[in-house]
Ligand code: SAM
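Quick heads-up: it's one chain on its own, the form predicted alone, in C-alpha cells.
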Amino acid sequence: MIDTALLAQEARKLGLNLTEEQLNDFDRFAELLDYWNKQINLTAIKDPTEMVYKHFADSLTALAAAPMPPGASFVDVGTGGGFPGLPLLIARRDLHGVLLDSTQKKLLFVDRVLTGLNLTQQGRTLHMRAEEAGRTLNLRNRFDFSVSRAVANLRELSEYCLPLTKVGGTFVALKGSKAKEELREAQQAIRLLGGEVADVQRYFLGEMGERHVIVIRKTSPTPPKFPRASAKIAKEPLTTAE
C-alpha cells in the first residue's frame, strides 16, 4: 500500500536503516489502518504518501532525537491509532512499550496491529487516562522514556508524562511549528515536575514540513501532588498555579 522505498529513504535521513521485514511490517500496518479507519475514526490521513511522512517518518523522529538503549521501556501517552508507539516497536523490536489511551475503541485497533505484526511480546495497550496512570503505583516513575505526539500543549503534556518517567529517564515530545512558543510557556512546569530541557531537534519531513522534537530529562522526582486532575491541569496552568 505504501511506498516502502520512500519510507526507507526517510528513515535513513533519520539515521535508521529499516530491514525489508520492517518495511513490510509498516506496509501491513498501513493496510490495517486503512481498513479499520473505515470502521472507526482513527486518522484523517488516508493518502499512502502522507502516511509515510505524517505517521511513520514523523513517529521515527523520536528515535533520532533521543536514541533509546537496547531493552529500554517506554510509555506512549495518548497513543490514539498507535502513534508514535507502534512505529517505534516496529523499528526497534528490542524495546518494550505500553500504549496508553483513554479511548477503548482505538486501543482495540492497536491490539489488532500488535497481534498481526507479532509485537505482543514487546508492546501492550492500557486503557486509562494519563493523569490516573501517573498516580498509579506500578506506573509512576516506571519508564525509561515517555513519548507523546499531538496530544496537548507541552505545559499540560509535561504534567501527564513526567510523573510516568523514572528519574534519569527522558520525556520526548513530538511537536509542530509552535514548539518554541510552547516550550517557552512550559519552562516553569517542566522545572516543577522534575524535568530539564536537554535538546530540541528540528526535522523536515517532505511535504509535511517542519517537526520539532523536544527532549526533556527527568533529573529529580515529580512532587507527589502531580499530576492533578485533568480539569485542574487545563484551568490552572503551572505557570500561574504555583
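All residue numbers refer to positions in the sequence shown, first residue = 1. Just so it is clear, the structure is predicted and the values come from calculations on it, not from any experiment.
One more form of this protein should be noted, the form predicted together with the ligand, which is absent from this view; the next part is about it.
Just one listed stretch, out of 128-136, 87-95, 111-119, 67-75, contacts the ligand in the predicted complex at the 4.5 Å heavy atom level, and that stretch is 128-136. Between the ligand and the residues Leu162, Leu154, Val172, Leu100, the one pair within 4.5 Å by heavy atoms in the predicted complex involves Leu100.
The closest heavy atom approach of Phe83 to the ligand in the predicted complex falls within 4.5 Å. Taken together, the three residues Ser146, Arg191 and Lys218 lack any non-hydrogen atom within 4.5 angstroms of the ligand in the predicted complex.
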